[in-house]
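A single chain, nothing else alongside it, follows as structure tokens in the form predicted on its own.
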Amino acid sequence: MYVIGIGKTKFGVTTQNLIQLAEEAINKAMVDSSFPSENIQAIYVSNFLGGILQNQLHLNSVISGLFPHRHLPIIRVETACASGGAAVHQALIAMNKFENILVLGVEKMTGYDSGVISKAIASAGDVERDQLPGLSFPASYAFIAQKYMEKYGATSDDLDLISLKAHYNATLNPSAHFQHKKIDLNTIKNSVMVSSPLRLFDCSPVSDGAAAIIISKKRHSKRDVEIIASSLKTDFISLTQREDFTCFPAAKLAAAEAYQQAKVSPSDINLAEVHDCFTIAEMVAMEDLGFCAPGESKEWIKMGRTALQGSLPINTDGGLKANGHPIGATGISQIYEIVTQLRGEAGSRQVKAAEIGLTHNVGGVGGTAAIHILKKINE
């Protein structure tokens, strides 16, 4: 399977509504592919909060209005923050029936009271175990950070370096939420405490945005990128049901399956987009994906191995932390970045000799994990 077109809006605070964002990303993907929209045979739509924030469920039928009189099969997919990765996974399964599929991720999150947003996002957690007791996602990830630090000796200084890297990369990304905002280490260290040890700059922002990709069975141009693996696994939704708080089994299992599908190992990956909804999540992801052993991610970070010029650049677009996290669009935006890098079109953030890239998209606190591996096609 091949990604033949990609499109993305600016992430951040916008005046556009849900459908305007979707339409922009779709149009950009169509233009990028030079592919007639009449050739699209099915659409998968990733969205998490439309039903809660915009009172807009049945979004797939709304998107049908952008393709008038086509009567396409359109399916909405929701797996919390992993909705984008899950939508791509489902689209690839559907390629046994269709030749060309559009996958869209979209979210409108700004313009609402913080309490409304917090409650809406909390719906990705277990009602009885998490929501009613007040266990928010910042608190859950703070608990993970505490346990990780106890077990492996990591410190807040390590988390600060992840945030610093993310914000630097975002300044090189024209569509990033924080593209125009330079953040230094002092600002990160002195930001307000959200849930100890996580400060404001350990947390991804509330963002609007959309991303779209077009997948085809056939290669159409030299810019196409091959998808060589797709895996999705789930786990208990709540931390209260877990035995180990320093890893996500769903991500480990999905990664192992993806490596097997692609016939590659972690050492073959040249760059990765990982789900850094909080800085600690990036450290956990590096180990779940097999890039380093448990407890070693802090050393990689200190050595700069995950920086743009490092041996394994991670979140070259700024990640969820600084590129932004419009939830339904995130997993597809990750693929957008990997495709851009493998095409050699990432400009000042371009990774040298990028051949194989991986995306890691997680819903909730490791409840769902989608892994995709993509490969540059060499003539």
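Numbering starts at 1 and runs along the sequence shown. The model shown is predicted, which means the values in this text are computed figures rather than measured ones.
Keep in mind that the form predicted in complex with ligand COA is not shown, yet the notes after this line are about it.
Among the residues I121, A154, V274, A91, the one placing a heavy atom within 4.5 Å of ligand COA in the predicted bound form is I121. This chain is drawn without ligand COA; in the predicted bound form, the residue among P266, P205, P197, P73 with a heavy atom within 4.5 Å of it is P205. Annotated contacts: S114, F278 and H325 all touch ligand COA in the predicted bound form [non-hydrogen atom within 4.5 angstroms]. Within this chain, F178 lines the site of ligand COA in the predicted bound form, having a heavy atom no more than 4.5 Å away. Contact annotation: F201 falls within 4.5 Å of ligand COA in the predicted bound form, judged by heavy atom distances.
Proximity of F137 to ligand COA in the predicted bound form falls within the 4.5 Å heavy atom cutoff. Although the partner is absent from this view, A255 stays clear of ligand COA in the predicted bound form, with no non-hydrogen atom inside 4.5 angstroms. Checking 178-186, 208-216, 305-313, 224-232 against ligand COA in the predicted bound form, the stretch whose residues place heavy atoms within 4.5 Å of it is 178-186. Contacts between stretch 60-84 and ligand COA, counted in the predicted bound form as any heavy atom lying within 4.5 Å, involve C81 alone.
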